[in-house]
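Just the one chain here, the form predicted on its own, laid out as structure tokens.
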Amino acid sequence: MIANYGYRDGSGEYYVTIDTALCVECVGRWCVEACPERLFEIEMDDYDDEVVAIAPTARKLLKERCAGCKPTGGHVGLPCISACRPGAISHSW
């Protein structure tokens, strides 16, 4: 399942997408520790598997909360994406 966390406003779309089929196979959950803003948390999905999700309190603040790692241009190697060994995490902006 593809889970999208985030929002759309007048300035754009700000979503973090997590492929839970890939996430469920990860044993380290390295993205949780890699995020300096602590946006990721572990939760149970509909199939009783542990997967990573964006914390509910952060879902409407992604543009601001991710800004430290993701300036408006020239970003490479985001900590959460680099830490995600299965490649389950992507950003829409």
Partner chain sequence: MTKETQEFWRWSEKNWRAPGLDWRDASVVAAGIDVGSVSSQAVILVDGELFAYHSTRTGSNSPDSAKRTLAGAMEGTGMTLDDVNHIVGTGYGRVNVPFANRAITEIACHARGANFMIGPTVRTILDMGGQDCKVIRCDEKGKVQNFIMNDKCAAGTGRGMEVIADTLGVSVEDIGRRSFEIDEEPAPVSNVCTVFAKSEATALLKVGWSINRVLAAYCAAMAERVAGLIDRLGMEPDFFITGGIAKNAGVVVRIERLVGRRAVPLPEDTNFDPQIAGALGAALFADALYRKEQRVAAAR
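A quick note: this is a predicted structure, and the numbers were derived from the prediction, not measured. Residue numbers count along the first chain shown, from 1.
Below: the form predicted in complex with its partner chain, not depicted.
Check your understanding: Would residue 45 count as touching its partner chain in the predicted bound form under a 4.5 Å heavy atom rule?
Key -> Yes.
Check your understanding: Does residue 25 reach its partner chain in the predicted bound form, with heavy atoms at most 4.5 Å apart?
Key -> It does not: once its partner chain is placed as it appears in the predicted bound form, residue 25 has no heavy atom within 4.5 Å of it.
Check your understanding: Is residue 29 close to its partner chain in the predicted bound form, meaning a heavy atom pair under 4.5 Å apart or at it?
Key -> Heavy-atom contact with its partner chain at 4.5 Å: absent for residue 29.
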